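Below you'll find only one chain, the form predicted alone, shown as structure tokens.
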Amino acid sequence: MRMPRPILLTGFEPFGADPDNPAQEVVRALADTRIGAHPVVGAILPVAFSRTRERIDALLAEHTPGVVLALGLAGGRSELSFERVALNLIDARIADNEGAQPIDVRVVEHGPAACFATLPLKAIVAELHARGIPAGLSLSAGTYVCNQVMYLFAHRLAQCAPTARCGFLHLPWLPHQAARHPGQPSMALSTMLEGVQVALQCALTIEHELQASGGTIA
């Protein structure tokens, strides 16, 4: 009997001046649990351009996941923000945790200009809305390590495991983080955990994307 393929859930260590990262907390909470019959493998990624590539390759080779969901922090966003596209571009506004700040370089030399999420994002957002969880689609994963990770996962899986599904989710600040930024939105960790679990369940069970508009005019 073939064992269910695992889910790979990744998050980042803290970066910049912030000592916390909700992506790390979500991964720690859900690692070694199960979504249906599928085990969740959790991994914390470095906020370091030079080391994420080999880390991603090692994780994919070791676990051969059927679903990959990478998490990151986007302070100032008010909802669970599912990224639709990653650019083949690194343009770091701040240095990474190792002091590197590459400007206008490619994630993968000679790779496609962009890679798209393969999760049923519109269906996931609709299900989250039905449960009263703030969520939306985003057309920009930025040009920092989050974008690099999304691009690398999508590019590698397209080459070696095209039936696997992958995506990237940006999380808001936790309440205690937002308190250091008066007027900025936040989300409770319990809501983030529920949202990620729902997203993973949808990724496993929804075969076709929801045919509904999710675009923007500008």
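Note that the structure is predicted; figures quoted are calculated from it, not measured. The first residue of the shown sequence is 1; numbering continues from there.
One more form of this protein exists, namely the form predicted together with a small molecule; it is left out here, but the text below deals with it.
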I'd like to check something about Val47: if you look in the predicted bound form, is any of its heavy atoms closer than or equal to 4.5 Å to a heavy atom of the small molecule? yes
Is there a heavy atom of Leu80 lying 4.5 Å or less from a heavy atom of the small molecule in the predicted bound form? no
Can any non-hydrogen atom of Leu73 be found within 4.5 angstroms of the small molecule in the predicted bound form? yes
Evaluate Thr10 for contact with the small molecule in the predicted bound form, applying a 4.5 angstroms cut-off between non-hydrogen atoms, and reply yes or no. no
Can you pick the one in Cys146, Ile90, Leu128, Leu121 that has a heavy atom within 4.5 Å of the small molecule in the predicted bound form? Cys146
Suppose contact means a heavy atom within 4.5 Å; in the predicted bound form, does that hold for all of Phe15, Asn21 and His170 with the small molecule? yes
Which one, 152-160, 174-182, 36-44, 65-73, holds residues whose non-hydrogen atoms are within 4.5 Å of the small molecule in the predicted bound form? 65-73
